[in-house]
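What follows is a single chain, given as structure tokens, in the form predicted on its own.
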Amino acid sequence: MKLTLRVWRQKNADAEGAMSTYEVDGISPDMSFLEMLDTLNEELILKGEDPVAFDHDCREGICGACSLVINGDAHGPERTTTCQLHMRSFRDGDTIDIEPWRAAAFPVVKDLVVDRSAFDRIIQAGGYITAPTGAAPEAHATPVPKPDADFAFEHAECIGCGACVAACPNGAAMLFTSAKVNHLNVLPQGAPERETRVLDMVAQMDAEGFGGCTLAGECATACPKGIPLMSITNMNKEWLRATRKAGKR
């Protein structure tokens, strides 16, 4: 396959960025999208040019590091992570636009790399449980109803990639935050911090400068792990419950 790539290039957070055009040839349909970018970078290095910087780590759709907007879609045309997107999703002769996540809370570091430490600070605000240290407890010591376990596992699948933010027209982080709140709040192990968790994590999310949620639904459509939109609705209920309880103290 021969492709025309229009890639966002930006030297650093303070520099002005622009789209640069590159031609790549000999691309196999079985290559992943990141392997295609590797091929481009090899050619750039051989020419003595600066390679395109982009985030990646496991390349198995697990870590959430890869983060590209491809032809206007977070992670590209398939509902998967960028590293699991293959070039057979494109056709010979295509022009592909490649950009970083676009959100005020995700400033560009270089080229296609953005700073997603805002997510880390949201987790630090309440994405944990209080548990005594020592030997592992008996597996059946704390029974968890099957529906609650399924609900927790569904939300724990969030890999924190940020596609929800990139896809949202408002740049909101409600789907990410709700996934992290819900997967702990439904479990008995998360009960001690149930109210403070949702209040603190939502407050930190707002402090990071993410946009407001209007339930447009683009976040759930783009999520490679299928976190449902109802996750946000459930977190809103948790937040209202915690707010009312805090007001009575």
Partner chain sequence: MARTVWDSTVGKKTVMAVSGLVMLLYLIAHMIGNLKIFFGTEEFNHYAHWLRTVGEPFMHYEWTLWLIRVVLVVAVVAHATAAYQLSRRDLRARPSRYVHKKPRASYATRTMRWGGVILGLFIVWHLLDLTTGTVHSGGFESGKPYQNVVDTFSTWYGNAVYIVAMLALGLHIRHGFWSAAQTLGAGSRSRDRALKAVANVLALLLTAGFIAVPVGVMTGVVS
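Positions refer to the first chain, counted from 1. As the structure is a prediction and not an experimental result, all values here were calculated from the model.
A second form of this protein, the form predicted in complex with the partner chain, is not displayed here; the remarks below concern that form.
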Quick check: do Met174, Pro228 and Thr243 each get a heavy atom within 4.5 Å of the partner chain in the predicted complex? yes
Exactly one of Val186, Ala220, Ile27, Val69 has a non-hydrogen atom within 4.5 Å of the partner chain in the predicted complex; which residue is it? Val69
Although the partner chain is absent from this view, report whether Asp97 comes within 4.5 Å of it in the predicted complex, heavy atoms only. yes
Is there any non-hydrogen atom of Ser20 lying within 4.5 Å of the partner chain in the predicted complex? no
Quick one: is Arg6 in contact with the partner chain in the predicted complex, heavy atoms, 4.5 Å cut-off? yes
The partner chain contact in the predicted complex: Val202, any heavy atom under 4.5 Å: yes
For 208-234: residues with a non-hydrogen atom within 4.5 angstroms of the partner chain in the predicted complex? Gly209, Phe210, Gly211, Gly212, Cys213, Thr214, Leu215, Ala216, Glu218, Pro228, Leu229, Met230, Thr233
